[in-house]
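First, one chain by itself in structure tokens, the form predicted on its own.
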């Protein structure tokens, strides 16, 4: 009897231990599940390697800066979501990077990986329009949200997509602004700009920018005398610049990203040629690190911008604290391209918070219908039209002088006089 009782007690203790271990396991598993459920994963798809790697890395840092502000608690005036930690009473944003290398096919496969393997809720990207196009097509097929910052090809928001949203101005918007400025200079300053040249990368972005430039030039009778594409990641641009020099247009519209922009400027100096005025689309012109690399050689080039530190000091003071977080990551201030990627995440986060759930359809519906406050946008607001274009987006025209972005147009934003015509290289 005694032996049998001992055996029964031992068996009971083993059962009890098993039950306790099972409960501990279930509690631990439940805790891990809960923790997992409190994370909203967002893909950040940019050219982290390749010709536009510097700009891509800056864009990633800008998205991470936005995540820091959303996840943390900051006393930033007029900055949505900064004063509370996370979203939806405890959710935090986790950024999952992807590198498309500036290659459309890689962008497509990376978008599929981010959605299908990393299970991201949405993707922000992709700087290059040629990468944003296939990557966002993946999102549309999967009915997932794609937030596009700096990709400027107007065609991206002309596809009738339901889950694509772009915050930045398009090449069409910038082209019209460039032409308005040239028209203003001709009528008010006697600039005598009669001919136009186009120098652009042979990509979705470059080709579309060139078409937009040619289209609006015709509206003021500006004759296009040079149409010059170049290969992305070029190692030599001598023949392209020589072609421009031979045509000798009064004005040039440029569309060159990253290291291609630096090469373009250096080649123009080597050939001792420049037009009277050179205006750039969303390009390497806007990148402060490239500006610093070029030094005085970058002076007097111009471009459209939705942000610069100089603009922020006057018109976007609420953006300055965010810029300091970004500067700690990169060593540089925010630029007109990278800041658009921050805007994407801030707007997306506001939509998630307002939806009250991590629900694609609810969030997308709000993105389509609401106007969002945006201290990182020059207009102060973001609102998307059908197709996904931010109808509040606009830019100003700046000119670099001593590595500072001086605003020259429109008049209501101008803080400097234009240096015109472009000084000869040997007289600068």
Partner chain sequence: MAESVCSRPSNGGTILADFSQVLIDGLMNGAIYALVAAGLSLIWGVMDVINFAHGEFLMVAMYACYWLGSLLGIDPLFSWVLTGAFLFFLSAASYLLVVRRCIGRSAMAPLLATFGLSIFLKNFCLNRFTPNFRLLSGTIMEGRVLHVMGASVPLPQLVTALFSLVVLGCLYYFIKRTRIGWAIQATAMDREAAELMGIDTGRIFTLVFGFGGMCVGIAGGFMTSYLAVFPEVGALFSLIAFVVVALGGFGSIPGALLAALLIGLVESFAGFYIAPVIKYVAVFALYVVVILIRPKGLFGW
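Residue numbers count along the first chain shown, from 1. Model, not experiment: these values are computed from the prediction. Note that the rigid core is defined as the largest set of C-alphas that superpose within 1.5 Å between two forms.
Missing here is the form predicted together with the partner chain; even so, the following discussion is about that form.
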### Query
Is the partner chain close enough to 53, 235 and 271 in the predicted complex that each of the three has a heavy atom within 4.5 Å of it?
yes
### Message
At 4.5 Å between heavy atoms, is residue 64 in contact with the partner chain in the predicted complex?
### Response
no
### Task
Consider residue 177 of the chain shown here, and say whether it contacts the partner chain in the predicted complex, taking contact as heavy atoms within 4.5 Å.
no
### Query
According to a 4.5 angstroms non-hydrogen atom cut-off, is residue 293 in contact with the partner chain in the predicted complex?
yes
### Task
Classify residue 420 as contacting or not contacting the partner chain in the predicted complex by the rule of any non-hydrogen atom within 4.5 angstroms, answering yes or no.
yes
### Message
Within 4.5 Å, heavy atoms only, one stretch in 253-261, 310-318, 343-351, 69-77 touches the partner chain in the predicted complex. Which?
### Response
253-261
### Message
Can you pick out, from 94, 297, 85, 183, the residue that has a heavy atom within 4.5 Å of the partner chain in the predicted complex?
### Response
297
#### Entry: Sole residue of 216, 358, 325, 228 within 4.5 Å of the partner chain in the predicted complex, by heavy atom
228
### Query
Even though the chain is shown alone, can you say which residues of 243-260 have a heavy atom within 4.5 Å of the partner chain in the predicted complex?
243, 245, 246, 248, 258, 259
### Task
Using a rigid core alignment, state whether the CA of residue 233 is displaced by 2 Å or more between the shown form and the other one.
yes
